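Only one chain comes next, encoded as structure tokens, the form predicted on its own.
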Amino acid sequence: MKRITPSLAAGITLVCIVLIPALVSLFCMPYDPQAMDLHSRFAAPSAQHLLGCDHFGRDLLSRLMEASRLALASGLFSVFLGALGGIILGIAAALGPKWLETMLMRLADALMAFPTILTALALAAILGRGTAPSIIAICVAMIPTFSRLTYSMVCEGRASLYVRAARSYGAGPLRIAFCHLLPSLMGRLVTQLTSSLGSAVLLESSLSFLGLGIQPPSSSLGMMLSEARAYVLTHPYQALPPGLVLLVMVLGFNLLGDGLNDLIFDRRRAVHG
């Protein structure tokens, strides 16, 4: 059995640190994250409120647990949709007619010419504020990465012997793509999907920070950072928890993707070696 790499172990640890409280928040939280108590405004961390309270007297730990859950859910949903759309477009470009390949790949190149955050911001501004528009914006921003990756991998694999053998037995393009090519490419797609989760969480937090993502009364990491920036000098404990959770979440998914990539390709080298 292959040894777990340090990157994979660190990634799993960091992801679990934020995933477990997010799952616990589905069943119980210390306080209602939307409940205001003006007598507890800017309450410092204590036994009653472990992370303190914000400028409305809301418990920061409860809001952080809810925000982590929403960030993870939005990231997973947007990356899954973006990966699905990108895989379909990549396969269509690689196995379809030349005009379709040219059109889809030039469109992907045009979208990748802009930074992902600018694409997401432009789409969020057009679609409007809210959770669903932000997920759609992040999803569209993720599609070019997965379409390009799938296209390049399918182009490499379509000349292999097992694909030629499938063609000789009369298999059509769809059967070749989904029964022969995709299973052999899943390792690279999974590592890309895992690494993209960190980017999706960061994009969602950026949109929420600018008021285009998750809207009140729900809490989000970006919104908590935006609300805390006015008090960062006088009450720094307002901004530190959401900032640290965002850092741990993004770093955890990036390390997890790197670890999976090392594990998969080390195993392939061992098999072929």
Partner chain sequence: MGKYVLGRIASALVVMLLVSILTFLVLDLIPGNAAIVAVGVEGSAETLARLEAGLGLDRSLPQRIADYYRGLISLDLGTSSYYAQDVWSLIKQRLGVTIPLALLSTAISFSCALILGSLAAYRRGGLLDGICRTIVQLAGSIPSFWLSLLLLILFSSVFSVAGIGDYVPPSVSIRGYVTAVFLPVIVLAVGQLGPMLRLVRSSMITSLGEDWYASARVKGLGRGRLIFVYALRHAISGPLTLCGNQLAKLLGGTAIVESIFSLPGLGRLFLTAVEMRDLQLVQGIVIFITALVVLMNLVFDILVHLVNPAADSREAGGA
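Residue numbers count along the first chain shown, from 1. In this text, all values refer to a predicted model and were calculated from it rather than measured experimentally. In this text, rigid core is short for the largest set of C-alphas that superpose within 1.5 Å between two forms.
Although it is not shown, the form predicted together with the partner chain is what the next lines describe.
A single residue from the set L51, L225, M29, L70 has any heavy atom within 4.5 angstroms of the partner chain in the model of the complex; that residue is L225. Judged against the partner chain in the model of the complex with a 4.5 angstroms heavy atom cut-off, the residues L84, L95 and A137 are out of contact without exception. By the criterion of a heavy atom within 4.5 Å, L251 is counted among the residues contacting the partner chain in the model of the complex. Within this chain, F77 is remote from the site of the partner chain in the model of the complex, having no heavy atom within 4.5 Å.
Residue contact with the partner chain in the model of the complex: V190 places no heavy atom within 4.5 Å of it. Using a 4.5 Å cutoff between non-hydrogen atoms, P115 counts as a contact of the partner chain in the model of the complex. With contact defined as any non-hydrogen atom lying within 4.5 angstroms of the partner chain in the model of the complex, the contacting residues in 101 to 127 are R106, L107, D109, A110, A113, F114, P115, I117, L118, L121, A122, A125, I126, given in sequence order. Taking the rigid core as fixed, one finds a CA shift for L100 smaller than 2 Å between this form and the one not shown. After superposing the rigid core, the C-alpha of L111 moves by 2 Å or more between this form and the one not shown. Comparing the forms between this form and the one not shown on their rigid core, the Cα displacement of T234 reaches 2 Å or more. Relative to this form, in the model of the complex the C-alpha atoms of P115 and Q215 approach one another by 3 angstroms or more. Between the C-alpha atoms of A120 and Q215, a gap narrowed by no less than 3 Å is obtained in the model of the complex, as opposed to the form on display.
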